[in-house]
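Shown here is one chain on its own, the form predicted alone, set out as structure tokens.
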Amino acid sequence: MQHPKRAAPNILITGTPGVGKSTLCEKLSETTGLKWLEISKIAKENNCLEEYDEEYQCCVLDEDKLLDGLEEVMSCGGNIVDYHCCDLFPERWFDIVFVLRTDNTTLYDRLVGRGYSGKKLEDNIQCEIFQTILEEARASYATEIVHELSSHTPEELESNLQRICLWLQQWFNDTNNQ
């Protein structure tokens, strides 16, 4: 799919909660100067949250309100979008999608450390086991822009950061040569 001409690309970093999205996005933003959009934070700041879901211990997202509010900033480009699901975002917004994955033991420890328990903990672990986010990404975006990255260790974090920076450099080279 042909994306609108932007001065800089939009990157989606997605994956099950606890796989390391925010850590990677923060480092990527610091390294590249691209704007880090923490969707959960933006939703809260812009009143895009509806009733509270007791079972999952979180608020329900008003997707339409969120997407309407992000349309202009996304059309400009230069964004790193950080969110635990991806199928709500329009395909036209992204030039590349990275799905972070980690092993279940690491994920379990990270989520318990965040206070996850019960159904919320169980469902997130199952989401990772069944590759739910990866499958959503592959169903929502052109397969050639969806990339799976392992996110177990600090070394893998650095490797992922380097890989994305190389992709970004290539994007700018390709764009400037057109």
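One-based numbering along the sequence shown. No experiment lies behind these values; they were computed from the predicted model shown.
Quick note: we don't show the form predicted together with ligand DAT, though the next part is all about it.
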| item | value |
| --- | --- |
| Selected contact from 138, 65, 152, 147, since only one has a non-hydrogen atom within 4.5 angstroms of ligand DAT in the predicted complex | 152 |
| Interface stretch in the predicted complex with ligand DAT - options 124-132, 27-35, 108-116, 138-146, non-hydrogen atom within 4.5 Å | 108-116 |
| Contact flag, residue 23 vs ligand DAT in the predicted complex, heavy atom cut 4.5 Å | yes |
| Ligand DAT contact in the predicted complex: residue 157, any heavy atom under 4.5 Å | yes |
| Ligand DAT contact in the predicted complex: residue 19, any heavy atom under 4.5 Å | yes |
